[in-house]
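A single chain, nothing else alongside it, follows as structure tokens in the form predicted on its own.
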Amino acid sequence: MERADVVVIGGGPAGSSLAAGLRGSGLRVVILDRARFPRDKMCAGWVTPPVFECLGIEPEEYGQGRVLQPIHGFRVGVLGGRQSATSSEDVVSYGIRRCEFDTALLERSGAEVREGEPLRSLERTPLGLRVNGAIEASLVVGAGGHFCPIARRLMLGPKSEEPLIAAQEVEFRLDPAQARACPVAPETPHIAFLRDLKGYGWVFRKGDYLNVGLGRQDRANLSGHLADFLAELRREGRLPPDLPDGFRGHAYLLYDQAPRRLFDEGLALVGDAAGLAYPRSGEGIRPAVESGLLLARVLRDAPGDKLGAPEMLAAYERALLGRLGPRQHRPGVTDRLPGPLVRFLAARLLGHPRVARDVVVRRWFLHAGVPALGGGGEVPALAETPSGH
């Protein structure tokens, strides 16, 4: 029987950040993932500078042989309504491709990575937990996204009652004709909120790639809302000809609405498995990375026989709540207003230059003023990935 200190289920940004944070701790970390990397991952794919900072990665270093699109602003508005473009001399975010980003973080994690190996079984033993009948571990961490099998064990209610965000999107490489015909400025992604403010669509060009999608709190008629958004983009001339039909879906939970516990004895959740996406923007990468690093800090200080102990994992929960705030849904003004009034205010306000810049972009999407999480630890340099990988 094999022995590991920590087994991580899922090799995305949360799991690889946890492993990177444990480098040099003397703990043996094994990551299992059902996929083989690089693998496709549906995600609009922009990350703010604090993500690179807390991981100790220089963006220029990461961009060697990988897509790294500097973003200087956003075009913001309501579907069919007024729009406003924000701009900054500084880079406020970066466009990445998840197939490259996740692979790069996994390669530098320092963990023993077992690709193509899903979680098949998990049982408690006198020594802790037994994974797939072959690995004894003190702690098993769920980092496998919204549908992570560890997360299912820590739900507080039926899965059908989870208030998930459903999204559909497509990312594809523009051929030369499409690239010439695509008017989307790479440094300025386009965001269009739905009239009831229950979601938004986006179109984002990163180098030779275009990502188009829409996410919504209410899953009803998601395809209809997407069709309306695409029709509006075509009327505005923002889409290249021959847009692919291969839209794919994914789901996630917002931090203030996720009915999942963060830990149980010998078990913990990080990233989308824990439901940590920011409530307004739906961004999941930064809270995923930070949750992995915060858990690593707690584990580095834990005695060897306390890695999976509830009192240690409670310290992780306190750290995460301290970072992200209380985990409770607080209805906003729009939740208390009649639908027609919400639509009227949205159309008038979200496209206003000052609201777009200070509220939507700086507060909701960039979390400006929230400093990067410090103490990412020493990690090896990124390996160069060939272009187009």
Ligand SMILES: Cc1cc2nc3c(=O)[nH]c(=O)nc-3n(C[C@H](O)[C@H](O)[C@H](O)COP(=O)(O)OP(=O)(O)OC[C@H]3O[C@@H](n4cnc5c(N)ncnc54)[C@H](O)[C@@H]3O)c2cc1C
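Just so it is clear, the structure is predicted and the values come from calculations on it, not from any experiment. The first residue of the sequence shown is number 1, and the count goes up from there.
The next section is about a form of this same protein that is not shown, the form predicted together with this ligand.
- Heavy atoms within 4.5 Å of this ligand in the predicted bound form map, among the stretches 320-328, 61-69, 350-358, 28-36, onto 28-36 alone.
- Residue Ile285 is the only one of Ile285, Ala302, Ala104, Leu262 with a heavy atom lying within 4.5 Å of this ligand in the predicted bound form.
- Comment: this ligand is not present in this chain, but in the predicted bound form one of Ala179, Leu197, Leu119, Leu164 has a heavy atom within 4.5 Å of it, namely Leu119.
- Contact between Gly201 and this ligand in the predicted bound form is not found at the 4.5 Å heavy atom cutoff.
- Using a 4.5 Å cutoff between non-hydrogen atoms, Gly21 does not count as a contact of this ligand in the predicted bound form.
- A residue is said to contact a partner when one of its heavy atoms sits within 4.5 Å of a partner heavy atom; Pro149 meets this definition for this ligand in the predicted bound form.
- For Cys43, a non-hydrogen atom is located within 4.5 Å of this ligand in the predicted bound form, even though that partner is not displayed.
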